[in-house]
Ligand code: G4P
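The chain below stands alone and is given in structure tokens; this is the form predicted on its own.
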Amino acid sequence: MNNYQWYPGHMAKALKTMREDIKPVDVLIELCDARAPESTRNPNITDLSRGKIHILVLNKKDMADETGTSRWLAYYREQGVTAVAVDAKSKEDIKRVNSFIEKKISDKFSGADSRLAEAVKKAGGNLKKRTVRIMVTGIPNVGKSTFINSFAGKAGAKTGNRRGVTRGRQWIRLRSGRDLLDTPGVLYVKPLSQEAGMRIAFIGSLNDNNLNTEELALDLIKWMLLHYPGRIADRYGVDEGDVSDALKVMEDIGEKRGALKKGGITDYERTAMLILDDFRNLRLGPVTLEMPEDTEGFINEKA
């Protein structure tokens, strides 16, 4: 049985580094995955962002249910969180985020009580003469590098559809004259609930090498059968049945796709990776893995 957790010591070190990095930052852009917005947020960010402009970006909106994303945006509005949903590959979405940020900067730093406003005043009252520092953060595999490349208008950061592509901090100068800080993905320093950990594992933010991918794919089949009946049947041409039939569904998928060992025995490892790859590349359709009411206690506070 999978234990959907992480306890790597370097994550605590990364968080300590982030505390230092964020001190000179004026704007914090926090990326999460629109399919599981709350489970893919780092709860430490809220405390770290106090006094900063903090914008939550629900990325990969094209991979999530529109209805689910609308519910999340409404929820965050009720919570007083500034949130916007985007597809980082959409120029229109990135343009909208950029305009949104510029307005937030202008609104916040027009007041005399603002630290940046004082710096602007010393620069002769010209906001453009005072470099505004923007920081982008998020856990691995929420599309941070793709977002940064689109936002910066150039390939300033490496991209990849796997966790941990960004290896170190890097400053990127934007055409607007702003400075953008890219950071490696920072995970939680507290244990996750199994539900949140499973959602994060589904989308690839946990290292597959540390998981039993066969069990993970079986959990995904069960979840899809329960929440999106018909999707697996449409994709693979198999009979779904109910959740109790998940193992047979997995075996039928293996047979349909030729993922078999000698003697016609199901190759569970190959079948599992096929299913996970299909899910992570939208071949099973857009999904929302959680709703606001599902996420209470998504971090195990007792641990």
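Owing to the predicted nature of the structure, the values given are computational and were not obtained by experimental measurement. Residues carry their position along the shown sequence, with the first being 1.
From this point on, the text means the form predicted together with the named molecule, which you will not see here.
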Task: Selected contact from 152, 224, 86, 201, since only one has a non-hydrogen atom within 4.5 angstroms of the named molecule in the predicted complex - done: 86
Open item on the list: Give me the residue from 62, 245, 255, 278 that has a heavy atom within 4.5 Å of the named molecule in the predicted complex.
Closed with: 62
Open item on the list: So if I measure heavy atom distances to the named molecule in the predicted complex, which of the stretches 47-55, 246-254, 62-70, 266-274 falls within 4.5 Å?
Closed with: 62-70
- [ ] With heavy atoms only and a cut-off of 4.5 Å, decide whether residue 170 touches the named molecule in the predicted complex.
- [x] no
- [ ] Would you check, heavy atoms only and a 4.5 Å threshold, whether residue 146 touches the named molecule in the predicted complex?
- [x] yes
Task: Contact label in the predicted complex: residue 140 to the named molecule, heavy atom within 4.5 Å - done: yes
